[in-house]
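This document opens with one chain alone, in structure tokens, the form predicted on its own.
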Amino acid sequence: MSKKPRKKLVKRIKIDVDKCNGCRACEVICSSFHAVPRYSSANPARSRIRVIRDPLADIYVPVYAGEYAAAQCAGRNEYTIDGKRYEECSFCRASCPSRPLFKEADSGLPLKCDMCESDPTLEQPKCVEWCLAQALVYEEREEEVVGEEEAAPDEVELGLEALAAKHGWQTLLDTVTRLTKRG
């Protein structure tokens, strides 16, 4: 008996760098949406999307937070855009030990774009909704899952273990306790 192919819903934000004007509305609404309580503050340091900029060349590149990486990558490729060199890290979506981008400002916990999951479900992430330049476009599509997927360790668990290894379990527990008292 053959198995039915399984499908999974893939969500992503397509970025048109040529349309981004660097207004940073995406950063402000993201941090506001994820504030506790919701919309109580706007701190772009807590945003899950960041606009990387080169003001002299008038280049703006929105990058949204991806998966947590327990170790820094070995590759240090460089890209040249309009004559200026950029490190690969500038455009990387990962939260990793080698840079503070996409880490929660108070606790150091890794941030990841959750596409503004909420109840009730939103039609699209807030950053896409608030992007007046239409540089961000939300896209959903179904993909077939090929073969058997191995059970991956829960990424929250991996993130907590990495933070505990760096800061110690007690510091991690103290931070979580402090953050839960805020909400």
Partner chain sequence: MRYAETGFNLEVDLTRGNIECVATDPKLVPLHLGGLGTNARHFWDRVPPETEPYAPENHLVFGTGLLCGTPAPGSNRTIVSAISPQTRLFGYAMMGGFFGPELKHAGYDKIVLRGRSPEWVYLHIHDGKVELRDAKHFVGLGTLESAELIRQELRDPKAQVSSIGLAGENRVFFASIEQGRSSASRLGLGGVMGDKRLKAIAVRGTGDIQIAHPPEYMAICKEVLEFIEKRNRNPIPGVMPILAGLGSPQEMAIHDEKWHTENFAWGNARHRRKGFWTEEIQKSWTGTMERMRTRLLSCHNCPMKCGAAISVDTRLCSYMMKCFSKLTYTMAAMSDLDFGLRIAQKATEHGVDAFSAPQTMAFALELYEAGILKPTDFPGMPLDNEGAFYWLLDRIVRREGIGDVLADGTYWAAKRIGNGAEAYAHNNIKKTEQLPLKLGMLNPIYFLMYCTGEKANITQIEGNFPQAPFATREEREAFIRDWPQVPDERFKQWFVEWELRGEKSIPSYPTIDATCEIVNWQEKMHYIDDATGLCAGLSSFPLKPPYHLHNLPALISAGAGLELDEAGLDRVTRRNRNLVRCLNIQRGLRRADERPPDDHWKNRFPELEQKLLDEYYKFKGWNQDGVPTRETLLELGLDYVYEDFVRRGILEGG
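Owing to the predicted nature of the structure, the values given are computational and were not obtained by experimental measurement. Numbering follows the first chain given and starts at 1.
We do not show the form predicted together with the partner chain, though everything after this point is about it.
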Q.
I'd like to check something about Cys23: if you look in the predicted bound form, is any of its heavy atoms closer than or equal to 4.5 Å to a heavy atom of the partner chain?
A. yes
Q | Partner contact for Arg50 in the predicted bound form: the partner chain, 4.5 angstroms, heavy atom | A | yes
Q. Do Val28 and the partner chain share at least one heavy atom pair within 4.5 Å in the predicted bound form?
A. yes
Q) So, in the predicted bound form, is Ala105 in contact with the partner chain at a 4.5 angstroms heavy atom limit? A) yes
Q.
Only one of these stretches, 137-145, 36-44, 111-119, 63-71, has heavy atoms within 4.5 Å of the partner chain in the predicted bound form; which one is it?
A. 36-44
Q) Within 106-121, which residues have a heavy atom closer than or equal to 4.5 Å from the partner chain in the predicted bound form? A) none
